[in-house]
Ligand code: GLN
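The chain that follows stands alone, in the form predicted alone, written as structure tokens.
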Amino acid sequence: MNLSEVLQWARAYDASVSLPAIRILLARTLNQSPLFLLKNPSYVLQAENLKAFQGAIKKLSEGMPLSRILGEREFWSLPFKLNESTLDPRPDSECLVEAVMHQIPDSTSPLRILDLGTGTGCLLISLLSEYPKAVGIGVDQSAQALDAARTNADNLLESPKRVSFVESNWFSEVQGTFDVIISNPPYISENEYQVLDKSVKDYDPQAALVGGEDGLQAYQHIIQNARPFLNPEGILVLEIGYQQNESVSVLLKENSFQRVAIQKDLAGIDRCLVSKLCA
């Protein structure tokens, strides 16, 4: 089959699969650019490439996210590698990076950043790309997730030595103090998890999604234990779930934090809380 015939086959196999996704998968299978597909419609695929592409289309048709098939997701205009133990970064989480930049507009600031539950490292590495004099530590309880984060740091930072990764249950293995503590913790309740979309529930690790019965377990731990690790003028930046603004704000107040900013996501939903220790 040539490229033109393969594209026709894919559209016929499942009309709900978008043509851009098909082209991305085909180009990746051939290790070519999408432009190659347009310029060479008569190019004949080798048998192993055809088999690999058809397998990828089947996975896409069955609901596997394109990013999971590719093993990569773009975040903050950077390509982050994924694995089974990492959360698939979503564009809405970019508002956490924006929130830090709004609070600390000086890109030359020599920040110390701690990323709790780093996963792919997308939040930490994105911040380090914006603050070239900053250093950071990313922690995660999953060794496999940390493997992905280290790979991403090696691939995306000019000086990977600016960042280190530690296997840790939140703060348990962390030392030092920080100007920014940032986290996208698990915040979905157990009931919400049961009705999640298949593309999330079947492919993102449950441990990175579910924050206990009410979804607040991780917030309680982070907020109650953050004080010794935060510099006096430092900020705590937390992603929150839909309708969690009030409940997380109460936790902050109960633990002597003052909320200083709320950042909305692309849909206009409160997605990020920024707080500081009360004077």
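Sequential numbering from 1, following the sequence displayed. Source: prediction; values computed, not measured.
In what follows, reference is made to the form predicted in complex with ligand GLN, a form of this protein that is not presented.
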Exactly one of L157, L127, I137, A208 comes within 4.5 Å of ligand GLN in the predicted complex through a heavy atom, and that residue is A208
Between the options L123, L114, A148, A99, which residue brings a heavy atom to within 4.5 Å of ligand GLN in the predicted complex?
-> L123
Indicate whether L87 is a 4.5 Å heavy atom neighbour of ligand GLN in the predicted complex.
-> yes
Just to confirm, S93 within 4.5 Å of ligand GLN in the predicted complex by heavy atoms?
-> yes
Would N152 sit within 4.5 Å of ligand GLN in the predicted complex, counting heavy atoms only?
-> no
Please name which of the stretches 161-169, 183-191, 76-84, 129-137 has residues with heavy atoms lying within 4.5 Å of ligand GLN in the predicted complex.
-> 183-191
